[in-house]
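Below, in structure tokens: the form predicted alone, a single chain.
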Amino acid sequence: MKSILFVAGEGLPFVKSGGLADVIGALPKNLVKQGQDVRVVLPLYKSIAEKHRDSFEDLGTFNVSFGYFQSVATVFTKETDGVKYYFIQHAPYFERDGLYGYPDDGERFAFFQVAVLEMLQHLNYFPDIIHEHDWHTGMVPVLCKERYYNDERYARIKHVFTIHNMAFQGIFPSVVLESLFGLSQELFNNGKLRFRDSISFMKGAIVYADKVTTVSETYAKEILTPYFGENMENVLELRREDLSGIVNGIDTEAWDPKTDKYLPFPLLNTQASKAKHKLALQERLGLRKSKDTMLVGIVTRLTWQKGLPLLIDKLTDVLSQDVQLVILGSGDTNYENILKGYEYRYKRRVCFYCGYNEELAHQIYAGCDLFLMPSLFEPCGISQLNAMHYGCVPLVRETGGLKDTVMPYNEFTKEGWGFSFTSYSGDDFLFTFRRAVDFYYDRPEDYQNMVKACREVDVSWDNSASKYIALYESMFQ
């Protein structure tokens, strides 16, 4: 058994802005079930404080010296599902309306990372492994090996860094090395942390961590290429032997179609049950009620990464088919306005919910027949796993985790459970969509084979958690 500390910028069941939170909420819980000692540390954001602080235990306050600055942090704790969570409190940095996107993000997360390492000393808890996630935590292995190297308690810790999205790398002016971390400018001059004329927190982790992972096997290969590597492909190539991909899963307890608290009634493995959920969703959203009409769903951030330009370019052609469309998401204002226009023009056939609603997301997975994810790139993707688990057939572009988790259906061998296309092309997307519509209406037996196969895919964390345990163990052999 290893002692593992997860360090992340967000995590369920306390706070979420993206798929990272789902991983932090589910993977530690599964690792605990497999016999590991796993703890998680997060910033104490305003939203967490407002909902949960009264239930936290105060473990005390300690000094934090980061670069030119002196401050204090208070650490709180709470155990949930066998996982001990720590929360670093610093109200000026973290008790804000949002999580990220502030001008002082470099300073905020520099403080957080130093505070995490100082917390270990305050609690006299030194794990075997620190598992860092994304750029917000990328300097932790750098600090352990450059600032705390004389302290054996820190020096012996192994580090695993997981890349959830290469597009966000934590790039800041090189002066922060000294001003925020108290580190030598030599780390910029010798290239270890240099990214063009700045430094990259993510590059720090890639260079200094013992192992680097990403969230699917295909994405681990893709980021070694210029198209997906975001100018970090050459650095990743140097760590090729220590780079691996482990696909994400979902929390199958929270996402159990038979007991899901967000569904109006249990979702059973029958066509009648699926139709009942479809009718309920259509009624809720003001769509024409019809159990036989193909209902297409999208739950996404409205960004270029998620394939919105491709989708919008072909949306009129999509709606020329006998389908209904429900879209849940927010993001780029231009995409939001376009989708509002389609909802107005196609009354009772299109519903666009601008924002995010957890209950509605669950009901979309349960009630829809087809789920669209035509992403430009997708490190892993969680939505397609949720959809499959609820018997909603995915249509995806073959990239990253979408390629690893969705096997295209073969009408001759009857193998597979989804539809996919390779090129980021509107014509290829539309051809594949029309094929899905044809299968739904003209080959219902094949379509039901796909629905059945979707439900049988193991989307839990069990297998992936075992792979993480094997990775952890490999660092001590």
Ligand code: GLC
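Don't overthink the numbering: it's just position in the shown sequence, from 1. Not measured: the values here are computed from a predicted model.
Keep in mind the form predicted in complex with ligand GLC is missing from the figure; the text below concerns it.
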Region of this chain that lies against ligand GLC in the predicted bound form, out of 237-245, 388-396, 372-380, 274-282 [heavy atom, 4.5 Å]: 372-380
Complete contact of K2, I129 and I157 with ligand GLC in the predicted bound form (any heavy atom, 4.5 Å): no
Contact flag, S200 vs ligand GLC in the predicted bound form, heavy atom cut 4.5 Å: no
Ligand GLC contact at V215 in the predicted bound form, heavy atom, 4.5 Å: yes
R301: touches ligand GLC in the predicted bound form, heavy atom cutoff 4.5 angstroms: yes
Q185: touches ligand GLC in the predicted bound form, heavy atom cutoff 4.5 angstroms: no
Listed residue that, although ligand GLC is not shown, lies within 4.5 Å of it in the predicted bound form (heavy atoms), from C454, V23, V15, V459: V23
Of Q363, T405, Q89, N165, the one that lies within 4.5 Å of ligand GLC in the predicted bound form (heavy atoms): N165
Stretch 280-311: residues contacting ligand GLC in the predicted bound form, 4.5 Å heavy atom cut-off: R301, Q305, K306
